[in-house]
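Each of the two blocks below gives one form of the same protein chain as structure tokens; they are labelled structure 1 and structure 2.
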Structure 1
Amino acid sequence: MTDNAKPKFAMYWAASCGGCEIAVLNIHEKILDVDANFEVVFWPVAMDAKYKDVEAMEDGSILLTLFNGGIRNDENEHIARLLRRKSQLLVAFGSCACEGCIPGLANLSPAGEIVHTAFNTVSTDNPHGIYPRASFDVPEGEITIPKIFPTLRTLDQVVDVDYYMPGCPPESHQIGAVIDLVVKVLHGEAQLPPKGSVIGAGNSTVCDECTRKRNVKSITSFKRIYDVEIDPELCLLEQGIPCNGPATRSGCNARCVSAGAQCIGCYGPAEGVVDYGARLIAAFASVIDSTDPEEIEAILDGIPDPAGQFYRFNLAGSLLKAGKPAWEKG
């Protein structure tokens, strides 16, 4: 196979932290399989690339694009639409693209308040109260910066998505497995899963991967993990520690709970879960030692950070999508 015959590969980083890019590099020698089987034509974090180069490509000329990050501004949306047009296969790569992830929690606040906080806190040296503008005239012409949207959206709320690969970031061994699959497909040795499938993850829950015993349902209050002397063998949730395993997709090998830390949900909703927060509330209520609705509600109210607990990774992709202030004042 000559270089000219290689299918094209692209990767883009929108509203996210960049951890997905690092996760790809963490596949170690398998990154050589990417180079051997693909021509990398657009990967701004790893190579010099210009938007105009992508715009000049024929539609559908890129075989595979991994798109990580949510859609927070008009630049994100422009590139999402551009790469959708140029790509045969577009993968929502990582929690931010799939669900909104941590940046999506900003959907609880108006965009104006977010900008104000970023440029007007004790950690920001901005004595003259200068705030960014979408455009500014200078002698050389007009300077523009991306315009922030009222809320962050997931990738599939903007463009059609072929596959979803969750994780914050996706586990490196899962990325490696997907790369192996794609390479086999290129060589006619395998077939792609149906469009819309979740790849690089399991089809069950973190609880099914967890080896802790589940046999006690007597929670009378929820506690922060550092307030508890943890039983190394018993289910964390049944020790009163809010653990998101019952609603979270498997695929991480239950790394956190195996190490004594609760699952926080970075692999997103498990198969069949319509709303992650609603499923978690039901799971938490089921282990409470009470049949009194008011008492159950009071115990659930003891969870320190409900929004972060139930929607830390997937507010933008949930049924809620955003808080009322973001819609009204965004």
Structure 2
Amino acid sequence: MTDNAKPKFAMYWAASCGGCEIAVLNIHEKILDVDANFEVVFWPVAMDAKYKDVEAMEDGSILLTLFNGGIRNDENEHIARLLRRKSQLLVAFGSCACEGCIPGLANLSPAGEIVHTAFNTVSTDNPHGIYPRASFDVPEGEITIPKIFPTLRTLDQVVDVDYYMPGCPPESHQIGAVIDLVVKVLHGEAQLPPKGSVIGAGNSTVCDECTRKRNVKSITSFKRIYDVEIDPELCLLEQGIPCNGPATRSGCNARCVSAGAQCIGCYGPAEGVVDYGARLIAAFASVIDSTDPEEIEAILDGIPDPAGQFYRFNLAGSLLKAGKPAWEKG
């Protein structure tokens, strides 16, 4: 992997779970195409490399960087800015980088509270109440850990992003297709889409890929999937299952709904949807079949965690970006 003639490739994880890396490895033999066409210069999960090695590279010397994870701490931000400088094409890869994803839900709480929860709950074995400190003096000198920010930001809230590739994680067949495209571009056989495009996904919604039958909707109660026997043919939302498919970008081949589970929205907002959660709230509210305020209230109680239902993946990337406590006390 030292062929200097090959264009350079990097992949990085910021605030993320690692699933995106596995998804890339899950493209099976196509990974060989990556190796054949690129020199992998930086990919912490797969190979050893130091930040200083990247810092030493010439600006713009990496052709393609897949950046997954949101920006939660100053290390994340440092690497995001570094890789932006060094890369010609920076791709926000996966839901965290695109829209914040699950780590973004922490934007509902002040950062201090998150740390407290992590180090001081019944499930935490921390008898001496030890908390992390940003810096610590040891005989060898001061050591530091990254400083946590008040909120998690998406990649494009920090640096300029060339392409977005949604999904939690992106589907392997979509990753494969994007790699095929980039390889073709390298060989002059294809053109890159316009900057700012969403790649590796469709342009409509999950409903477009869903084969379930659908009718005019009217919802009398929201149900959890384990409470009812699901009609395998019928639209889940019509059965009262809060399926996020109608607002979610297509591209996953409607995998969850085909398997009988509701779409939870990991592919993010459909093209043209500005605020994913607000869209879904308006849509669900529109089809509630009642005019009685008390009854409506009772129906809405069927969604016990609205932030988790409507903003599970999109909170950091939404118009609101965070809950008030995170702004105020962060």
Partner chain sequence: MTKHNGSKPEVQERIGVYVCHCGTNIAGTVDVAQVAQWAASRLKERGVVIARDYKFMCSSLGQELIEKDIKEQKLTRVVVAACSPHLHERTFRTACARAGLNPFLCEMVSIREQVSWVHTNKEAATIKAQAAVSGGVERVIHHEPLEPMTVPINPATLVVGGGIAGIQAALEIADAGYHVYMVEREPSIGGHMAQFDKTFPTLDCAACILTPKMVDVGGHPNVTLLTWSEVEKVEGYVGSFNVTIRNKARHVKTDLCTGCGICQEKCPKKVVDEVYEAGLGYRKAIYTPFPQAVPKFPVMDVDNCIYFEKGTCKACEKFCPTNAIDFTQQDEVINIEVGNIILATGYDIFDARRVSHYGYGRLANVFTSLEMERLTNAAGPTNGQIVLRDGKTTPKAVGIIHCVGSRDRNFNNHCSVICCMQSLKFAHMVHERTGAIVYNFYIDMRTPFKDYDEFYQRVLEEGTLFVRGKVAEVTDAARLPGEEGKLIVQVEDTLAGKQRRIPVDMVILSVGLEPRKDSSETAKLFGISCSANGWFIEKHPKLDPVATMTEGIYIAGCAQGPKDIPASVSQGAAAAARVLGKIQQKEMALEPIRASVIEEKCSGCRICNDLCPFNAISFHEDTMVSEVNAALCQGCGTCVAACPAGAIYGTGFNNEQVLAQIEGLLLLNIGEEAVPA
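No experiment lies behind these values; they were computed from the predicted model shown. Numbers given to residues start at 1 and step along the sequence of structure 1. Only the largest set of C-alpha atoms that superpose within 1.5 Å between the two forms is called the rigid core.
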TODO: Choose the one of the two that is the form predicted in complex with the partner chain.
DONE: 2
Task: Is_shifted V287 between structure 1 and structure 2 (CA, 2 Å cut-off, rigid core) - done: yes
